[in-house]
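One chain is shown next in structure tokens, namely the form predicted on its own.
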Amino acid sequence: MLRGLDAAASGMIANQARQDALTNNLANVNTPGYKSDNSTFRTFPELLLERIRDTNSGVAGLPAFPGPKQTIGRISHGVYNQELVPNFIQGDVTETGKVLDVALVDEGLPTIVENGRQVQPRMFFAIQKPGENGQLQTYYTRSGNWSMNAQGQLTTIEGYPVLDINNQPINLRALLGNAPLNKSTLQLTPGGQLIAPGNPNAAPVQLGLYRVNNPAANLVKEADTTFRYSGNGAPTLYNPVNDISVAVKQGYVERSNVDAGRTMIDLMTVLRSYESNQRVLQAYDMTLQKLNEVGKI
């Protein structure tokens, strides 16, 4: 009977973890470039039950059953939340008109087959931020609502430098010269090249754009909008010939891909499932109390 307690408790814990993921998605429904997390449930390994020592239990009073041991069946001890898998589907692209708002549009990238499965490649911006060891490392993001810091560097909304094609922070002030920052002095080509029409002596700067063929398998979410590459080698650098369907749009941002309506429905489903497991636990608790009372008599 206590196996039922384990199954109900594990169901409550798994539903709690899924609810945390859904509420985090809902909290980031307005975060540009945010990718929603999907939680995956998995059952614990099944156990094989067999009746053994039928003929010689060694306990006085127990009946003896002739013949070899017999298989009773299999039993599972409930489910657990295995992992959170980001959903990398493209979010809606919205026009803002801001000079440093940038959106990646890569819906035209063809799917590829990797390890026998069809996967959808995605493009990402490269940024620089401290890693777990405190050293500056390259991370990847789809968030493109950027700004210029006091040193003239192009940074994310969190203050991390946006990298160029050589993995170096981009110095907008060096590109602009003494010109003010606006849409006429700083322009972005669809291929991701920053140019300053008013400063002909400044060389264009190519944004660091990278293609990850299987982002669900090779990217680990480090924060709400940044990812660490965990695959072999490094992501593929943007190639204007091979990635002709990719476009970088200035004055636009990619919105979060969270479906608020669907998330609310999922939250209610999780709540119902949690309550069902809770009632199972209460039923077991009441039964154990009755058994305890009978034992006292």
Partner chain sequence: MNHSMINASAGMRAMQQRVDTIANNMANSDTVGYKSQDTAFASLLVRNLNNQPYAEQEPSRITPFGTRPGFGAKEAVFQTNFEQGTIKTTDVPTDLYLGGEESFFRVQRTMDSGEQAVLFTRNGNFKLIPVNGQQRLVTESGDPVMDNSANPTPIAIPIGATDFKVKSDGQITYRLGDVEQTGPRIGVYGIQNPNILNHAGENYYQLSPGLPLNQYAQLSNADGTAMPEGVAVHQGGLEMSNVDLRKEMTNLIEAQRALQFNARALSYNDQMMDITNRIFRG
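Only the largest set of C-alpha atoms that superpose within 1.5 Å between the two forms is called the rigid core. Numbering follows the first chain given and starts at 1. Owing to the predicted nature of the structure, the values given are computational and were not obtained by experimental measurement.
The protein also exists as the form predicted together with the partner chain; that form is not presented, and the subsequent description refers to it.
Within 4.5 Å of the partner chain in the predicted bound form, a heavy atom is found for not a single one of Gln120, Arg142 and Gly198. Annotated contact segment (heavy atom within 4.5 Å of the partner chain in the predicted bound form): 169 to 177, selected among 200 to 208, 102 to 110, 133 to 141, 169 to 177. Ala150 belongs to the set of residues with a heavy atom inside 4.5 Å of the partner chain in the predicted bound form. Shown alone here, Asp92 lies farther than 4.5 Å from the partner chain in the predicted bound form, counting heavy atoms only. Interface membership of Asn30, defined by any non-hydrogen atom within 4.5 Å of the partner chain in the predicted bound form, is confirmed. At a distance threshold of 4.5 angstroms between non-hydrogen atoms, Leu271 is in contact with the partner chain in the predicted bound form. Applying a 4.5 Å heavy atom cutoff to the partner chain in the predicted bound form picks out Tyr80, Asn81, Gln82, Glu83, Leu84, Val85, Pro86, Lys98 from 80 to 99, in order along the sequence. Relative to the superposed core, Ser273 shifts its CA atom by less than 2 Å between this form and the one not shown. Once you line up the core between this form and the one not shown, the Cα of Ile13 stays within less than 2 Å of where it was. For Thr23, a C-alpha deviation below 2 angstroms is recorded between this form and the one not shown after rigid-core alignment.
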